[in-house]
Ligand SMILES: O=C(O)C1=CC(=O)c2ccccc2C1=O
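For reference, the chain that follows is the form predicted on its own, supplied as structure tokens.
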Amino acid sequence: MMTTKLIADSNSKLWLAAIKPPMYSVAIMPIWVGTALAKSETGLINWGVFMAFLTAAILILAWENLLNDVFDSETGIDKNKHHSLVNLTGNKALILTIGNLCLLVAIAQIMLICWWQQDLTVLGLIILSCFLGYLYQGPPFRLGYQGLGEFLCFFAFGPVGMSAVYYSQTQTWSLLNLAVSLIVGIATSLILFCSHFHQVEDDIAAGKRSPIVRLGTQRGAQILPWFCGSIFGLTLIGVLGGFFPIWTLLSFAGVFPAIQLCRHVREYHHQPQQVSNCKFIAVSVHFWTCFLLGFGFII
């Protein structure tokens, strides 16, 4: 009985790690911040558009995560990743099918927004964002294997994604939105950057030249404070320049998990088991920074 319970607990943990619930804040925060900024400028929120976009964003991220597992199974980089959905199910075709269904439902949600607005602009931006996501791991591109994943992530979740969100609420463009999207894009790319520290050996074996493979874990740890600092530095510039309301300084609450992240990686960067949770600390930096940034614009 005890052995059966331990196996069940172990399997539950593997499935939870495979689904990665905390990571879905990555999809939610650009919608929140873009909508909050639109509210601060127009005084209005279209809640139907907001909910449709939020649902689509979560489904698109699910599609990207599922396809990532499928494509990584083809290169062998996930052979030691027990919480890969392909490894857990042993059915790559099933995971691919579920992923594509998520994308189809997401695109249907975006098309609903376009129908409401009689404007295809948002659909075009989301297709571009999805294409950037595909470039990361999808054949024949696999640009993530060349160390370009962070750049793709920055544009997909930053300028491109937030332009789509802002336009969905206002049907106009905003330079301020683009400025804010830089912060969201960097905070999102930080999570991807931190996800490489614990898998250097597997990346090298599969021929993946991630930033941490190129830099080494020690130099990556040294760069991390500058990476985090750029998020808060841009916010401070926005406030001092009179572009951001002073309440956006609430986002500096994210400094505390950022300090924890930098200290943790500095100490354990060369120890895969100990450093493996740093991406979840980065998720905390992303969540609190972006959530309070959006809140600062609303109030």
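From 1 onward, residues are counted along the sequence shown. Predicted model, so just to flag it, every value in this text is computed and none were measured.
Quick note: we don't show the form predicted together with this ligand, though the next part is all about it.
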* Asked: Is residue 26 close enough to touch this ligand in the predicted bound form, meaning at least one heavy atom pair within 4.5 Å?
  -> yes
* Asked: If you check in the predicted bound form, is residue 157 within 4.5 Å of this ligand, heavy atoms only?
  -> yes
* Asked: Is the gap between residue 75 and this ligand in the predicted bound form 4.5 Å or less for some heavy atom pair?
  -> no
* **Contact of residue 52 with this ligand in the predicted bound form (heavy atom, 4.5 Å)** => no
* Out of 85, 191, 113, 102, which one falls within 4.5 Å of this ligand in the predicted bound form, going by heavy atoms? -> 191
* Asked: Ok, 228, 153, 200, 95: which has a heavy atom sitting within 4.5 Å of this ligand in the predicted bound form?
  -> 153
* Choose one stretch from 113-121, 183-191, 166-174, 215-223: the one whose residues place a heavy atom within 4.5 angstroms of this ligand in the predicted bound form. => 183-191
* Asked: All three of 35, 39 and 179 touching this ligand in the predicted bound form at 4.5 Å, heavy atom to heavy atom?
  -> no
* Structure fact -> Restricting to 45-67, the residues within 4.5 Å of this ligand in the predicted bound form through any heavy atom are 61, 65
